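The form predicted on its own is given below as one chain in structure tokens.
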């Protein structure tokens, strides 16, 4: 299986054409293998009763953060559909909705970065040494975010930022309502851009599949509910979180 695609440029020189899309099937196979393995493992191990959603409601996600999450999610899904479906043979006019979704994602991520740095705790999603205790297993209670959630956030942040940066550069090379396409980017540079854009897209495919799976896990649905309604219950907080590390306020 090839990792990259190559082609000859106008001078007959071999240049990169991008990532090999045969890797898409490898990524999907790996993601679903992880999902199946986790399903089997949890069927054996997950015997504990789940905490009740009754009782006091404790604030977990502000409305603006929930809006950011779902705008980002929709933009990402549109990007993946418009970017990947034509590659697997499902053809439709994909380019315009692709770059529109890319711009929406860029603005949303930019606003989120500003909010995270200046209006929230910028260290909340950093992996701290205390988080590594979770690797030992057992009933280790976490701060607001678990090691797994921080790891997923880090992985998504890396691939999304690469997708955005390379996508913005490639955006200059197509026709838009504001300018006509440019040929100022040489073929070798375009090849590297397509390689990075494609590789980060493959990463986004795999991480999105895993993110959706874990978000729909029965024992994790209260986190998904909190991304919709903004709260978790006091019982869910007591069962999963260390009050000394994260003590949220009551909400309605």
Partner chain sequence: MTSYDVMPATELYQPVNIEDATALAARLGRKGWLLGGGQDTYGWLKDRAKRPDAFIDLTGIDVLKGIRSLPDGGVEIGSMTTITEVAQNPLINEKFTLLSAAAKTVASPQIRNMGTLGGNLCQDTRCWYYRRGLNCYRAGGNICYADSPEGMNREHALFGASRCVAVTPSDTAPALVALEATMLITSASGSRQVAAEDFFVGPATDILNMTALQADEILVSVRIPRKWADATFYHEKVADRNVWDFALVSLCAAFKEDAGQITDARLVAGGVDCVPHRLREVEQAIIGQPRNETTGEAVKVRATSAATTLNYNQFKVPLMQNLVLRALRG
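These numbers were taken from a predicted model, which means no experiment stands behind them. Numbering follows the first chain given and starts at 1.
This protein has a second form, the form predicted together with its partner chain, left out of what is shown; the following refers to that one.
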Contacting member of 74, 128, 173, 165, with respect to its partner chain in the model of the complex [4.5 Å, heavy atom]: 173
Among the candidate residues 68, 194, 222, 214, which is the single one with a non-hydrogen atom no more than 4.5 Å from its partner chain in the model of the complex? 194
Would you confirm whether the three residues 9, 91 and 182 all fall within 4.5 Å of its partner chain in the model of the complex, going by non-hydrogen atoms? yes
Could you tell me if residue 245 has a non-hydrogen atom within 4.5 Å of its partner chain in the model of the complex? no
Please determine whether residue 190 contacts its partner chain in the model of the complex, using a 4.5 Å cut-off between heavy atoms. yes
Residue-level question: is residue 95 within 4.5 Å of its partner chain in the model of the complex, judged on heavy atoms? yes
Given that its partner chain is not shown alongside this chain, does residue 239 nevertheless sit within 4.5 Å of it in the model of the complex, heavy atom to heavy atom? no
Assert contact_stretch over 134-142, 112-120, 173-181, 157-165 against its partner chain in the model of the complex, heavy atom within 4.5 Å, equals 173-181
